[in-house]
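Okay, so we've got a single protein chain in two different forms coming up as structure tokens, structure 1 first and structure 2 after it.
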Structure 1
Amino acid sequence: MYLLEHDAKELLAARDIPLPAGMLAAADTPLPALPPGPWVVKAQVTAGGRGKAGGIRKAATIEAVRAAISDIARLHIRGRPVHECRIEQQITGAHEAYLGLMLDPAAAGVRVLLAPRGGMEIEAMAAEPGLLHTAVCDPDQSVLAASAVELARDLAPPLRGALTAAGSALAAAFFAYECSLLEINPLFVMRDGSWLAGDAKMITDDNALPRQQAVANLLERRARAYPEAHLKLHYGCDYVVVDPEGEIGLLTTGAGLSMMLIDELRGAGLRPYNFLDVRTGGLRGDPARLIHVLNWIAQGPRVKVILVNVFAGITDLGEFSRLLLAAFQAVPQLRVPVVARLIGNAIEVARTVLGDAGIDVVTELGAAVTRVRSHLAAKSGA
């Protein structure tokens, strides 16, 4: 789960990582009590390039803070709407450096990246010869901390001390939260050698949630900010609205095939509403998950047709079809045609069960898309 800056900073603060004082604010709620100004108002989205997109603004007065929040809340940054801002005390007179820790799957270790200058995107830093100091370490807190000491060795004293201290503190947080990435950019270094995490990019592991109580609590408390991770935890499936104006609701299993189907539909000029990996293997004879999914799809204001795509290695399609019908009956507000593309065991049973309910079953994806297209054409013609 790619955490919003504010949430990453809350987790870091709990581990005594020094931070500028800050709080979360939304456009439609009263402004919380702020630390002394001036401030920086920062859009909370899980995407880079916030500054360039106008998502980071300085503000010297409370009025300016309010204006900045209201402007920023109207932004879409890399396609994502901004719901919240972090209002943070402006830090002045600091030097900006960079420190990043990330899993390196190919090297079977953890990569430490360190630079005496920060505040720009990592790609730009990597392009500048000699700027980025990096090493791959064994996945061990003390090895990472020692590596930061080594990488900072030739830097000037205030920087060296700050980055060494930061390396040690962040390595501890990296393992404590089972991160795959923890990046502080900029890392503010003060004249006295103290440091503060100016920004924080943190990716935690959803699979580790059963033993990561602090992250799991955060996810519960902030469910609205992480709808996908929250859904997965509670409903056992992956669901993402990819186009709020989409016309095709997808009831699909398998992440890769669902992604590819979305790519192909879009490539053909069609508008899928959602991504879904429903995991038919995990339904266990209960339509509850399918009912949840259909209720979510029913919220798509322009959804005109449902495309079911299940390539089942092992799922019994007869049973799946009965569950699917039960789910449709439980979501009567979803009154749209359904095209089902099914391959696997007991396909003939599925054909009978769904056919009796007036649902087309095809075995080839191309034919299914053709059907979807004709349903859409019929709707727009009507």
Structure 2
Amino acid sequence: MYLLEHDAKELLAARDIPLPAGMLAAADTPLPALPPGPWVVKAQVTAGGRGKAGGIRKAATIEAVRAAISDIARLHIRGRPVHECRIEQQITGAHEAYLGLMLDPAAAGVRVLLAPRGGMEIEAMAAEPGLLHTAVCDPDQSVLAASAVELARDLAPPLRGALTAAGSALAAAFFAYECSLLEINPLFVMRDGSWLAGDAKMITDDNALPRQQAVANLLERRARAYPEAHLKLHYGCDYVVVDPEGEIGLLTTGAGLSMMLIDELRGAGLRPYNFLDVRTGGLRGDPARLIHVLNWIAQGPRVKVILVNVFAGITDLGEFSRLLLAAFQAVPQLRVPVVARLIGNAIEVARTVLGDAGIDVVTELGAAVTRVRSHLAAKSGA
């Protein structure tokens, strides 16, 4: 889960990471009590480049804060609307550095990135010879902290001490929250060697939510900011609307296969409504998850056909088919044609079960797409 800056900082504060004082505000709510000014007003979106897009503004008065929130709330930054802003104290007289930790799957470790100058994008740092220092470490907290010490070894004080201390603190938070990315840019270094996390980018592992109580609690409080992650926490599957005007509701399993299917449909000039990894292995004789999914798809105003795409290994397609029919009966508002592409265990049973309900089963994607296109054409001509 890609956390908004404010929420990432809330989690970091719980780990005693030093931060500028700040709070959350929205254009349609009263302004909360603020820390002493002047302030910086920052758009809360899960995207970089906020400053270039006008999503970060300084304010010296309460009136300027209100005006900044109002202006920023009208922005879309990299296609994402701004619903909230973080208002925090401006930090002056500090040096800006950079520190990041990220999983490196190719190296089977964690990459530590450190630069004596921050405030710019990581790509720009990498382009300047000698600016970005990096190392890949074993996924161990003490090893990461030691790596930060080594990378900062040749820096002058107070940078060396601040980045060393920050490396140790961030390594602990990285593992505590099971992050795939934790990036502080800028990392403010004060003249006395103390430091503050000026900005925070944090991505956590959704699959770790059952054991990450602090992240799960935040998600419950902030469900409106993270609707897809909240659905996953409560319903055990991944669901995202990818095109609000899409015409094809997808009932699919396997994240990679679902993304590939979306690409295939778009490549064929068709408009899928949603991404879904329903995780058939977790159904266990209960159609409830499928009912939830069909109810979500039914909210699509232009959905005209359902495409079921399931590769079954341990899943029994006969049982899945019976559960699917029960789910459709429970969602009477979704009365559209169904195309079922099924492959795997108990396929012949599935053919019989779905065939008796008037749903043909195909095994080839090309045949499924052809049938989807035919149903859409018939709907358009009706």
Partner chain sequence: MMHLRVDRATPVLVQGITGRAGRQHSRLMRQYGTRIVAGVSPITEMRDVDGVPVFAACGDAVAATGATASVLFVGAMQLLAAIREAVEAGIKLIITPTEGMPVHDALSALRLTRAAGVTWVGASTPGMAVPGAAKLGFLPDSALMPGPVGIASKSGTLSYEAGYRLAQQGIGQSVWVGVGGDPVKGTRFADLVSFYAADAPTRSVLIIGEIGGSEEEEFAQALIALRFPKPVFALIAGRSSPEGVTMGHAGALVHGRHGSYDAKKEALEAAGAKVFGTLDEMVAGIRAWHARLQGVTISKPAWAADTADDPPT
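These numbers come from a predicted model, not from an experiment. Numbering runs along the sequence of structure 1, starting at 1. For clarity, a rigid core is taken as the largest C-alpha set superposing within 1.5 Å between two forms.
- Between the two isolated copies of the chain, the form predicted in complex with its partner chain corresponds to structure 1.
- Comparing the forms between structure 1 and structure 2, the C-alpha position of A127 differs by less than 2 angstroms, with the core used for superposition.
- Superposed on the core, the two forms barely differ at P81: its CA moves less than 2 Å between structure 1 and structure 2.
- A rigid-body turn of 15° separates the smaller part from the larger between structure 1 and structure 2.
- At G318, the distance the Cα travels between structure 1 and structure 2 is 8.4 Å after the core is superposed.
- On rigid-core superposition between structure 1 and structure 2, the C-alpha of G267 is found to move 6.0 angstrom.
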